[in-house]
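Next up is one chain by itself, shown in structure tokens, the form predicted alone.
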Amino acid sequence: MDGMIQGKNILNGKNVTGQEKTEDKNIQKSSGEKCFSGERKWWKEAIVYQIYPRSFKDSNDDGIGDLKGIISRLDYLQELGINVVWLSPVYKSPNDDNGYDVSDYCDIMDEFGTLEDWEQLRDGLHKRGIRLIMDLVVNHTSDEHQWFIESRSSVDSPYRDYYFWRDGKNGREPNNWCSAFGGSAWEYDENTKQYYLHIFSKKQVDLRWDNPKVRQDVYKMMKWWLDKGVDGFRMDVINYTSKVDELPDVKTDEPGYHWGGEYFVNGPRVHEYLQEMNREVLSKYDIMTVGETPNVTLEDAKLFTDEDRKELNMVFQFEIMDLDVGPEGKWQTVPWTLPEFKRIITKWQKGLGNGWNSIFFGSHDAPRMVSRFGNDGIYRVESAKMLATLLLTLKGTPYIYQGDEIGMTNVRFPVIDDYRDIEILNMYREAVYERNLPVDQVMQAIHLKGRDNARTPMQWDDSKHGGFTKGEPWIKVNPNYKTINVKEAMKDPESILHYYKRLIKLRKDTLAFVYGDYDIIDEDNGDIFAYKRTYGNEKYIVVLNFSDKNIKYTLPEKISCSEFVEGNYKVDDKGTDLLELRPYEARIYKIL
């Protein structure tokens, strides 16, 4: 789900928040060793790589990525150095929202392969010392899930209470909530003459977590996967699961549909549910959990992640991802400043207390990292490396999205017919055909913020369709695949890919970048992001030039007695106090 679906949407005028498990000998157990941030845990020291299966690698040339395609690239993942794969949904699904509408939690989507293929993938990853975490999509199911088929069959169905069913009100929907994808959050069912709730697509029907039978069925399914060898879960919009009982209208004098997040985001029983889930399922396995939690504040995140509360290991918070979101919502992009960027990073680096951070600057729901926070033109290579330096030297578990390690960029398809994402298509229809906004304006918003920016196929080589498939891809490949691809990156020792490999190895070898204290330096500087990481007697300073200018910069703290460790340019002035930083330059120093 899109963690940025929030605020009022300028383009549609609605409020939119928008087998038994065994330990492979190659996978280290949690040591339990005490350090400065509590106990050492494997998930704190993990480096996660997110795979969007539909776009990663196609093995049978039907144009759709699949499990065998991933299996064919396991050596690539091992060589990169990552040690956890997060697999976006591969469950059976009618694909209204690319797998986030699950029709069978215990089987594999036909387009992706079979359960046997999944088992081969699991074994191949574990053999290489890489853990596997799955997407857990349990705020809602597909309307084609057996639970919902039973639920809508009759008002007397034993599954009726698995979902939210309501009578209409004054000839309209039960309340004025909008869906994250536009329109009402309610759909009328002719068979039983009631409406059902869907915060997302009308084919993504919200489960009623207040029903203990729902929770027990979810826990049973989770155990089934964990017993098959899954190493954890990324939990899709898990903080939406608890709704206020009355499902009241959003209080407003404005007509139309409005975002009802105040009645279900971080709802009244969400912590109760997660503590129950932890008690009955999560605590019984040595696993990793991360919750996708749109709209959480720092104080909210402390509740989800404090180790003593026994809920989740970490959450995805989206404050940094909303930095360029205007007052009218996701589709309005506004300029951002480096001091504000640093303020948000620093707040989350220092403020979680007994909780743990997740670090990410891109995902399947976001624009490409280098296009959004870097410079995807003349300084694409330099800025992609600079952002990688930030990602892999902050405190928290870093998440690399597929393709970012070769500097893949946003795509600018010229016409709406080239896009596939339901959110993009719904927004375009409403903006152009209902509100009569100029097509150029709408397409510009899609080019900047559309989720398909991250979903174009992985660019493996310079052959047709980037080596993703020999068939016709489900969505077009970014035309820049001729120069931006894995094959070219492998050949160039100064490529973004090889820089990622060096940084990943550095992070694995340096506990200071995992557990060390973080301290910002010169926080108001509008061009330079500099910070210290301190672990016992070890101290590192990271200096990042976020501008396209040459900057002369003197650190407030002398580093003349230092060792240059890594950077994205060749450096001759080792140990000097005055740094002459080139555009998007990144440097890491060890203070001796």
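Note that residue numbering begins at 1 and tracks the sequence as displayed. Since the model is a prediction, treat every value here as computed from it, not as a measurement.
We do not show the form predicted in complex with alpha-D-glucopyranose, though everything after this point is about it.
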Quiz item: Any chance all of R368, F546 and Y584 sit within 4.5 Å of alpha-D-glucopyranose in the predicted complex, going by non-hydrogen atoms?
Solution: no
Quiz prompt | Selected contact from Y100, Y500, W186, W118, since only one has a non-hydrogen atom within 4.5 angstroms of alpha-D-glucopyranose in the predicted complex | solution = Y100
Exercise. State the residue from L226, V237, L274, L338 whose non-hydrogen atoms include one within 4.5 Å of alpha-D-glucopyranose in the predicted complex.
Key: V237
Exercise. May I ask you to check whether H145 falls inside a 4.5 Å heavy atom distance of alpha-D-glucopyranose in the predicted complex?
Key: no
Quiz item: Is there any non-hydrogen atom of R455 lying within 4.5 Å of alpha-D-glucopyranose in the predicted complex?
Solution: yes
Quiz item: Just to confirm, N95 within 4.5 Å of alpha-D-glucopyranose in the predicted complex by heavy atoms?
Solution: no
Quiz item: Hey, in the predicted complex, does F200 get a heavy atom within 4.5 angstroms of alpha-D-glucopyranose?
Solution: yes
Practice problem: Using a 4.5 Å heavy atom cut-off, indicate which stretch of 480 to 488, 74 to 82, 390 to 398, 358 to 366 touches alpha-D-glucopyranose in the predicted complex. | Solution: 358 to 366
Quiz item: So which residues in 177 to 208, when you check alpha-D-glucopyranose in the predicted complex, have a heavy atom no farther than 4.5 Å from it?
Solution: F181, F200, Q204
